[in-house]
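Presented below, as structure tokens, is a lone chain in the form predicted on its own.
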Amino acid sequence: MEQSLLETKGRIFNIQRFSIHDGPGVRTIVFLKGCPLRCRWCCNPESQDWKPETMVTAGVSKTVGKDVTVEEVLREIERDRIYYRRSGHGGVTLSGGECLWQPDFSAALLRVCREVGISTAIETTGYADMDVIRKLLPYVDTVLMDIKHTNREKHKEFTTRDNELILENAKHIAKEAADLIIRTPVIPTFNATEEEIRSIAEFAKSLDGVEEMHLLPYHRIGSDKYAGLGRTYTMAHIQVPEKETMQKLLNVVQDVGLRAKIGG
């Protein structure tokens, strides 16, 4: 293993162990700082800015964001290797934030994980130059990619960026990734209609090799972080989708011909 890879530096804000979401099996989730989007419903607002921030929750102030080396993160990941094996397909997932905005660190971390036999996944918006994405793909077993909407204007209204680059990149990622799963956060007032979900599902179905789509119901977990960062959470009036609504949307995805489930 190259020492230069182990010494590659990045900026993270959390490592979550024993997750059963964000990839197959038991996962260790590494949350990276920095994201190009500002989704209104984001449950990790502390991930968005690259710079370290001070966040106050439950009266406790803490600094969010620290610089680490690949070697330091790998040491944490290695602690969970036994759980990866027991769950059959477990491993590490890079989340955020957006791992594509720290491509050198992300690629180095993914590569060393693969070299020591740990399965890898990334959770991504796909918002980056395709040349950047190609730095990571050789070391990724599963790509979990958000497709939030097929309408350009509505996507920009709710995330601050249009979806043109995302949709184009999805076509390339589908052809080049080992495995691509499409995920859609279901957000009332944004995309929680059968028509909108069908449009996303039909796009996903058109991608080479894509067979699976996950629907992630809107929730308010993390909404208190906004106040802790001195920001306003603008989605407080939005109701969590009912189970009946989610089931109808799930049926739509299945009717399009994709394997589908609620949750990640």
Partner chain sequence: MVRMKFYTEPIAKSPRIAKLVDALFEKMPQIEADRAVLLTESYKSTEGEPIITRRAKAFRHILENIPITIRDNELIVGSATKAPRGCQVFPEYSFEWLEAEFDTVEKRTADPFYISEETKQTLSQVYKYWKGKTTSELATSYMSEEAKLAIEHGMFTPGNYFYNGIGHVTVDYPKVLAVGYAGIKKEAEDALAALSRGDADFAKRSHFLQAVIISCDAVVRYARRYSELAASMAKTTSDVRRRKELEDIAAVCREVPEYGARSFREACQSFWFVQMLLQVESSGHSISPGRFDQYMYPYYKKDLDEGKITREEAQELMDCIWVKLNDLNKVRDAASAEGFAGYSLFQNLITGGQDQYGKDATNDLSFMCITATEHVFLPQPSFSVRVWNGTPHEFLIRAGELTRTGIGLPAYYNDEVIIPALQSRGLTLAEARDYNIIGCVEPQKAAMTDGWHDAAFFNMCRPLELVFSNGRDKGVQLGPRTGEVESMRSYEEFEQAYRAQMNYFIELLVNADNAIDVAHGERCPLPFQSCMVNDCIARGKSLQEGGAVYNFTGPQGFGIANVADGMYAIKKLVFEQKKYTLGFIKKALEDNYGADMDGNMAAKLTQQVAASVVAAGKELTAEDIKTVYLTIRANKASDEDKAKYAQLLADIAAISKFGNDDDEVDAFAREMAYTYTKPLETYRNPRGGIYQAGLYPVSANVPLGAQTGATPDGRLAYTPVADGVSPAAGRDLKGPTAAANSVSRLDHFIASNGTLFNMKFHPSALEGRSGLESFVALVRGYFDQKGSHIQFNVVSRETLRDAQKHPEKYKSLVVRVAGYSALFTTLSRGLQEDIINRTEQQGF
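These figures come from a predicted structure and were not determined experimentally. Numbering follows the first chain given and starts at 1.
One more form of this protein exists, namely the form predicted together with the partner chain; it is left out here, but the text below deals with it.
Note on the interface: of 145-153, 179-187, 71-79, 128-136, the segment with non-hydrogen atoms within 4.5 angstroms of the partner chain in the model of the complex is 71-79.
Among residues of the shown chain, residue 26 is one whose heavy atoms approach the partner chain to within 4.5 Å in the model of the complex. Using a 4.5 angstroms threshold between heavy atoms, residue 245 stays clear of the partner chain in the model of the complex.
Heavy atoms of residue 87 reach within 4.5 Å of the partner chain in the model of the complex, making it an interface residue. The closest non-hydrogen atom of residue 251 lies beyond 4.5 Å of the partner chain in the model of the complex.
Residues 13, 43 and 48 are none of them found to lie within 4.5 Å of the partner chain in the model of the complex, as judged by heavy atom distances.
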